[in-house]
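In structure tokens, one chain follows: the form predicted on its own.
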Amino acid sequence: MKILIANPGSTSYKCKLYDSADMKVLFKATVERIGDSEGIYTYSFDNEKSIQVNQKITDYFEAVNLTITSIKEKFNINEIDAVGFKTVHAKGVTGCVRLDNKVLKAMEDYRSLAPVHTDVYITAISTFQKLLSDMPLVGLFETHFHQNIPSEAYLYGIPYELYEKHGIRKYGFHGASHRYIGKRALELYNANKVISCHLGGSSSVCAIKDGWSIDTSMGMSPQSGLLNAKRVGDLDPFGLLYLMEKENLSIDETRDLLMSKSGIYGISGKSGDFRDIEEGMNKGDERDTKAFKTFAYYVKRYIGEYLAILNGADCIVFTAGAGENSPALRKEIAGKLNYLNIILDEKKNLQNPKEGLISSENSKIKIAVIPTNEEYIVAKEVEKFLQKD
């Protein structure tokens, strides 16, 4: 089968065309700065040299159409069996499903919990419906990987009937990423108990046992857990109510505050990008330092929790943008866990391996860097779905 995996962002679009027989990437593309007068389109076939085109890219329709036009250079578009999406959240829906109108309605029903993600995916799905009207569109919801976490891990302390009525509980996200990390850590290090740290613009920690999540830091929405680039993370609900009262904030104003003015950006006052934060910290900027250390503290706290939940671990993995590329962040998180016999090798860490161990030889628990591959997981699940459908 040939499966196209679509990965939309707020001003970007990425895709990969897989041959599911051997998971070979036949085509990949990135469209950046959608809506900007200076858009960037980069694409390549198999192992060929990448081609970059700088041009105005008006909207999502034009961005997706660019990639489809390129695919047609070497493939008959009818050879593609489906388009797969790493969908985020929908009321009453999880797993791998066909993205029909019923599922799109369920995504709309939970839009307020993940508005940025939902809007982007609905835009991308609608674009494909227009461009490739007969193509099956399939979504693997991020919540699927966390579906087996126990009730004590997903229940909140609200009246039980409100949980039953409204589905207010922990769902968890970054499912495809954490699932890949669990799979890869088992392959590389025979690790059955894994703490996966997906750290970047959007961040979460996950406790994985025997290939599946048993707890994760994000909750009913992607807004909770760790600080994110501009999303708040964990916050005392009564602190929020107090803030709304004192600042006379509406629900919409509060939502905007929690989603676009908080997190790393909120503390630093300048940026939610770890590259900017580390640059400022190295120059002695106090608020950048506070943002960096607060984020690292949250990650370390969740690692401690999940060591207890898992009753120990085989491997702690750093992945995603900052997890894979920031030795300073990894050191801040894992550099002082010696009392647990978790020992970071600073030389290995500074070498910043693309994939490999950064723990000392005598560390009881391995520490590793593993690049995530969410598209791989989505492609395999879409293949299974099509075979059963």
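Keep in mind it's a predicted model, so treat the numbers as computed, not measured. One-based numbering along the sequence shown.
The same protein also exists as the form predicted together with a small molecule; that form is not shown, yet it is the one meant from here on.
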So in the predicted complex, is the small molecule close enough to residue 360 to count as touching (4.5 Å, heavy atoms)? no
I'd like to check something about residue 322: if you look in the predicted complex, is any of its heavy atoms closer than or equal to 4.5 Å to a heavy atom of the small molecule? yes
Spell out, yes or no, whether the shortest heavy atom distance between residue 306 and the small molecule in the predicted complex is within 4.5 Å. no
Just checking whether residue 201 would be counted as a contact of the small molecule in the predicted complex - the rule being heavy atoms within 4.5 angstroms. yes
So which of 81, 278, 108, 285 gets a non-hydrogen atom within 4.5 Å of the small molecule in the predicted complex? 278
Heavy atom within 4.5 Å of the small molecule in the predicted complex: which of 119, 234, 256, 273 fits that? Just give me the one. 273
Of these, 193-201, 131-139, 161-169, 179-187, which stretch puts a heavy atom within 4.5 angstroms of the small molecule in the predicted complex? 193-201
